[in-house]
Structures are given as C-alpha cells and as structure tokens.
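Okay, so here's just one chain, in structure tokens, the form predicted alone.
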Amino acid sequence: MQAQQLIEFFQLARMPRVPVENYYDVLAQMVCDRAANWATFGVGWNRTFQEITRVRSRHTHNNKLYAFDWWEGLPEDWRPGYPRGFFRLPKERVARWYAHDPSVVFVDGLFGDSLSPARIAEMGRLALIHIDCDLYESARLVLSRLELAPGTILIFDEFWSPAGEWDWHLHEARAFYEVCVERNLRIWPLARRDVDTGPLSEQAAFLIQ
C-alpha cells in the first residue's frame, strides 16, 4: 500500500483543518444520534481519552462510553521509539477518575478477546468510534468486527503523517482502506487537526455515509 494512494483515497490533502483546541468539540457537535453509545479502542496514557470523555459529557445524553484496553501497552513493536509494551499503564490510574460515572464502561483485554459478538450486541449502534489502536493488526480487527453503519463518525488517532515522519500508511489508514474497499463503504472526510508536523498532526475523522 502506497502512501499517495491513501492520501488520494481519503482526500487527506483537501480535508478541512480544525484548530487543535477545538478539534474534538467540533467532531462531537457533528454526532447525529446524541443518545447512541460511543466506543474507544486504546486508552493508553489517558490523554486523548480525557478529551473524548470531556466532549461526550458536553454533547450527548443518556449514553455510554465503552473503553477498550488491555493495559499492557503495545502488543508488538510499532514505529521507531515505540516498542512492545510502550503505553503500559495500570488501569487504576485511569479508571479512578471515572469511578463516579457508571456510563464509562472499561472493557479489559486484547481486542480479539474483548470485542466479542455479545459485547458488540450490548453496545448497539455506535454514534462515534475512536480508533487509537496504533497497529495495523489491531485496527484491522476492530474495524472488521464493528458494523460501521451510516451516520457513524470514526476518529483515528494515528491515521497519517503529513510530513512523512513515519510509515503511517502501514497501520490505521491501511486497515481502514481495506475495510472500506471490502465493504464498499461510502465515507466523507470530516476534519483533521490544523497541524502539519508532530503527533498532533496525525488525527483524522470520517463519516460513514
């Protein structure tokens, strides 16, 4: 899979750019069904997850946020500087901040085990899916199992690198491309952060049409 092919397929160069400080709020305002559940795959060090929980509390009602993680970090080596085990964090250091909120549901384990048919049925139709899987295999598994119904927003945390600092086209973007082609999904590029280099430039969001 070539990087330029993905840039053209997902219209990344023409994707609307949103200021860093407004990015998640803007996407949350685009959610169609305010009462449908959300899911995030990869909590990691809790930085992006805090943003997801913040905007969800402001823009939805009577729904749940399912947070999937196995808390042992990356299950295999990723890009340079991110070896197996990177992002390891004791669950208690994250979960304690949400102990008062029963609508935040932590789902422990590797995605292959935790994203079961029963769990998918329990979550129902998802209004927003946050993919922070990093690795191709992890993202591919999640995207292959979920319904991805029209109206669903997908937010990717490490989708691409505008400056080409790493092989982004081999991971989350590749996984999404393959699922789009296999299912003949119609997607609309919603937004990316208005940053050209570094970690904050890697986020991108799409609507399933």
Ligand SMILES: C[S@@+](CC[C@H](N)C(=O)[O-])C[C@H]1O[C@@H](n2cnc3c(N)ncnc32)[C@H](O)[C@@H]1O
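What you see is a predicted model; the values in this text were computed from it and never measured. From 1 onward, residues are counted along the sequence shown.
There is also a form predicted together with the ligand; it is not shown, and the following applies to it.
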- Item | Candidate stretches 178-186, 42-50, 146-154, 56-64 - the one whose heavy atoms come within 4.5 Å of the ligand in the predicted bound form | 42-50
- Pick from I120, A95, V105, L110: which has a non-hydrogen atom within 4.5 Å of the ligand in the predicted bound form? L110
- Quick one: does L128 come within 4.5 Å of the ligand in the predicted bound form, counting heavy atoms only? no
- Message: Given that the ligand is not shown alongside this chain, does D77 nevertheless sit within 4.5 Å of it in the predicted bound form, heavy atom to heavy atom?
- Response: no
- Message: Just checking whether W70 would be counted as a contact of the ligand in the predicted bound form - the rule being heavy atoms within 4.5 angstroms.
- Response: yes
